[in-house]
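Look below for two forms of one protein chain, each set out as structure tokens: first structure 1, then structure 2.
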Structure 1
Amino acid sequence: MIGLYAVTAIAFLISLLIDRERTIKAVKIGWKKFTKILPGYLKILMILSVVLLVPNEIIARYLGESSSYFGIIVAGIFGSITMMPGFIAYPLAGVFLDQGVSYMVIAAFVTTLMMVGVATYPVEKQYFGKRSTIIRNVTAFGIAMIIALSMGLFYGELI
């Protein structure tokens, strides 16, 4: 990591020597983008911190291997009502995996998180209509469950 910082610092200094104005303009643009992304990264840290505070026994009890079907349903419901982008969900899935949660349950969580939008229902209903929104979300939940069960079959967690 220190090597990466050193390379970045050297590249920055070379850029400053070549064209000072463009370098400062690029830093300003980068700072603007960083401040836009920062709240998302802070959410990652908060969610990961909360998950890390939950004892492994509780996660294993509700989402672990011994409760595979119940874990799929819980993860599917939790993923459906939660709203977070993939760059937050994937590290969180890694934390779940480290704590002994099965691939099948993680697949249920991540796929419902990406495909089902209970939190975004009011906005979606406004653009696509109530019926279309409900059909899309129910269908997406069903497909997410099929994907989770397929992952369970693939990794041998169902047999």
Structure 2
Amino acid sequence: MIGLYAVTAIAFLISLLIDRERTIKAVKIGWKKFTKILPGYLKILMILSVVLLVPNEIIARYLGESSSYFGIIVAGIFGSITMMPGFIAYPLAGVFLDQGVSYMVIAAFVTTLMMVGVATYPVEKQYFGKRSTIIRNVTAFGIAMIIALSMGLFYGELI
């Protein structure tokens, strides 16, 4: 986070020193793009605020009780519907681990959480188009499942 601000500040200052006009144009472009996509981000915010009403204990209970293959799919679906920043997702994953949820189910959960975004659809659609958004998300779900299964193999949870 600090890195992002540092990089932005340095880039902005250098840009300003080299060419003031261009820098103003850059700010305008950034602002225009931002305001154009803002309704999409607001939609994501509303969807996430409501979806995350499902208490963590319920998710953990489902994930912990499901048999391995089924658990991966349930975790994948939970993770696909919502989206979380890492600083919320990983502590939550840590809680799941403590409650006895297997590594491969946790992997399915965190990977789909980051990669598959049903909730981020309103934004992705505007940058990638509908078709590409759907294809990318389906592919991402497949990748997440492969990662989860590999995790199961490495941790000896599959056999």
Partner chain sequence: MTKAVKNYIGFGIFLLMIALSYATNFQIGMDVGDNFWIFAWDMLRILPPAFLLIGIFEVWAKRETIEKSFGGVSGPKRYIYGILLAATTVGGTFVAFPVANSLYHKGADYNSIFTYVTAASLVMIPMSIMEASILGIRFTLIRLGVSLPLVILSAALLGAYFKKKKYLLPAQE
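By rigid core we mean the largest C-alpha set that fits within 1.5 Å across both forms. Everything numeric in this text was worked out from a predicted model, so none of it was measured. Residue positions are counted from 1 along structure 1's sequence.
Working note: structure 1 is the copy from the form predicted on its own; the remaining copy is not. Core-superposed comparison between structure 1 and structure 2: CA of Ile143 displaced by less than 2 Å.
Once both forms are fitted on their rigid core, the CA atom of Leu153 lies less than 2 Å apart between structure 1 and structure 2. On the core-superposed pair, the CA position of Val7 changes by 28.5 Å between structure 1 and structure 2.
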